[in-house]
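This document opens with one chain alone, in structure tokens, the form predicted on its own.
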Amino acid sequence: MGSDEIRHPVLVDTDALISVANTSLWPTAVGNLNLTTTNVCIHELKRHTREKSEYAPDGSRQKWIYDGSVAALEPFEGNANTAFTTINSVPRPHGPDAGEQSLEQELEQHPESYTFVVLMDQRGRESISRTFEERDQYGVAVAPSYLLYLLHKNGNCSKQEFCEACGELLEGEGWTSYSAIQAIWQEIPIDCSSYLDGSLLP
């Protein structure tokens, strides 16, 4: 596993990792971003690789979760990779929302370490934003697409590649409701109307 207790400014949860790891820009993310997650999220990714089938039909939810989990785990498991790090969540949360809870707990304990916390759940983002405010620390809770935006912002991909990867993420996750689409594009000042169907845009 990657170096422990190195906290990069971008903290990411399980679902965000799966969603971005399934896009064509994941290799670029691995080569250019520094990300931190928790041991609880790593445990969830490993559980998905055991419980979901790699032989599930292409296009199924089960196959999406399996493939994304396998791809997301790889950079965290290399001993020499200090760009993708895992911190231990103490005490360790349990239950269906344990990964998300571990991010909130980590932020409460180390608010100065993070600038972005990446998760899709709206309630979770609202809770994270309150924690930043209460700790009087600058920070933003953002949707998973923001990881793709960081690549574009840093010159690691073209606008077309960014927009198309956002489309892959939205359609693959089934995040096509009004509220999900609004969340995906929040904080992202890029017009993707030349590359994506209007149904995927805010």
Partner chain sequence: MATSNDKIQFRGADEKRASQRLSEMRLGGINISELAREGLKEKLREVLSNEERVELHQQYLDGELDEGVAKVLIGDLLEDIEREREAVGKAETLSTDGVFQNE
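Quick caveat: nothing in here was measured; it's all calculated off a predicted structure. Numbering follows the first chain given and starts at 1. By rigid core we mean the largest C-alpha set that fits within 1.5 Å across both forms.
Missing here is the form predicted together with its partner chain; even so, the following discussion is about that form.
The candidate site formed by Val30, Asn156 and Ser179 is fully in contact with its partner chain in the predicted bound form, as each residue has a non-hydrogen atom within 4.5 angstroms of it. Residues with any non-hydrogen atom within 4.5 angstroms of its partner chain in the predicted bound form fall in just one of 64-72, 158-166, 51-59, 32-40: 32-40. Among residues of the shown chain, Ile184 is one whose heavy atoms approach its partner chain to within 4.5 Å in the predicted bound form.
The closest non-hydrogen atom of Ile188 lies within 4.5 Å of its partner chain in the predicted bound form.
Shown alone here, Arg125 lies within 4.5 Å of its partner chain in the predicted bound form, counting heavy atoms only. Interface residue remark: Phe84 is counted as part of the site for its partner chain in the predicted bound form, having a heavy atom within 4.5 Å. Shown in the overlay between the shown form and the other one, fitted on the rigid core, is a CA shift at Val10 smaller than 2 Å. Note: the CA-CA distance for Gln186 and Thr115 expands in the predicted bound form relative to this form, by 3 angstroms or more. Between Ile184 and Glu104, the Cα distance is greater in the predicted bound form than in this structure, by no less than 3 angstroms.
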